[in-house]
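Single chain ahead, written as structure tokens, the form predicted alone.
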Amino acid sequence: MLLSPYPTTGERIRITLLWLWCGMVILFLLVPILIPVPLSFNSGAFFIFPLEGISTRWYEVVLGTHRWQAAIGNSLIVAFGTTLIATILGTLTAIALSDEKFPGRRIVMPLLLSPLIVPVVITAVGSYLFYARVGLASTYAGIILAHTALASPFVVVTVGASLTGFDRNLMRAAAISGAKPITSFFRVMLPLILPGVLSGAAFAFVTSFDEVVVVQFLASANQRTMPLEMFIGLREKLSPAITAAATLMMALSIVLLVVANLLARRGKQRPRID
């Protein structure tokens, strides 16, 4: 009996139901995230539907008010500092862990990934108790170091994935040719794993830029980041400016995550050198 290359009626129904179910799940996940977007363009001063009118006044408040400008500046300072340190430390750690001869590899890796598992509030409390003793509480350095602990695992994972296809014989060939280890790294290894490094840096930036719990414990009144300013606004004075700030943060996060995804795909598609 020959099998038909075309799906049967029952298979078509199952496929249709599966697509409908997936669409409902995606809609359920996206609707709460997308609700602030239309509210941010409301000309009124209240969170209501239908909108009283279309206006960009709340974006002007966020981008033109000193309080919000200071919060955006603080967020960028912390995020760029965290990205720089987390990318360097995470890349070096991933290179070390990719070596099969590294001692305690199976023990170190779970410890490095523990910030992804431990509740953030525990990390925040521990960071505050430690940094308060060494004088790093209420400083940019303390916030950046705490965020680095949260962001580094993402760099380790993405760079580690890039290193799975890296042929270490290339480094041996460079050493035989007389190149120093640091020269071999920048000339041979880094160009090949660069998509993974940049992808990890993007994840680290988003992790720091969106974080609010640690900042609540470590930031002073002059170091409020954008997420903390939004949280305080929700608690003290509701304003549609919060929805405008949320929309801007969401747009930035989406752009960076798309870039990180494209870089990760590029790293997977690069030709392997045998």
Partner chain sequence: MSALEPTKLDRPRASRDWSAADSGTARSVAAALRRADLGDRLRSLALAAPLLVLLALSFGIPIVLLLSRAVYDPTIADALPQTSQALAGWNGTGLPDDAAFLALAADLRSNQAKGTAYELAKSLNARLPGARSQVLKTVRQLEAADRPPLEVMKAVPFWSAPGTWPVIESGTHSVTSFYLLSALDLRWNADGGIERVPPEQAIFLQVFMRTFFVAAAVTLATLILGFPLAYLIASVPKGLAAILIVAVLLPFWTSILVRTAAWTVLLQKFGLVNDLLLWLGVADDRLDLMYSRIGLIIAMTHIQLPFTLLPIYSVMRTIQPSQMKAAYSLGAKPFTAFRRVYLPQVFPGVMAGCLLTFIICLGYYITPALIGGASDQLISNFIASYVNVELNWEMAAALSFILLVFTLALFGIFARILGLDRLKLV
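Between two forms, the rigid core is defined as the largest C-alpha subset superposing within 1.5 Å. Positions refer to the first chain, counted from 1. Computed from a predicted model, the values in this text were never measured in an experiment.
The discussion below concerns the form predicted together with the partner chain, not included here.
- At least one heavy atom of L89 is located within 4.5 Å of the partner chain in the model of the complex.
- Though the partner is left out of this view, M171 does not reach within 4.5 Å of the partner chain in the model of the complex, counting heavy atoms only.
- At a distance threshold of 4.5 angstroms between non-hydrogen atoms, S184 is out of contact with the partner chain in the model of the complex.
- Of the heavy atoms in S162, none are within 4.5 Å of the partner chain in the model of the complex.
- Site residues L116, I122 and M230 are all in contact with the partner chain in the model of the complex, judged by any heavy atom within 4.5 Å.
- Of the residues in 23-37, those that come within 4.5 Å of the partner chain in the model of the complex through at least one heavy atom are, in sequence order, V25, I26, F28, L29, L30, P32, I33, I35, P36.
- Once the cores line up, the CA of A251 ends up less than 2 angstroms apart between this form and the one not shown.
- L63 shows a C-alpha shift below 2 Å between this form and the one not shown [criterion: core-superposed Cα displacement of 2 Å].
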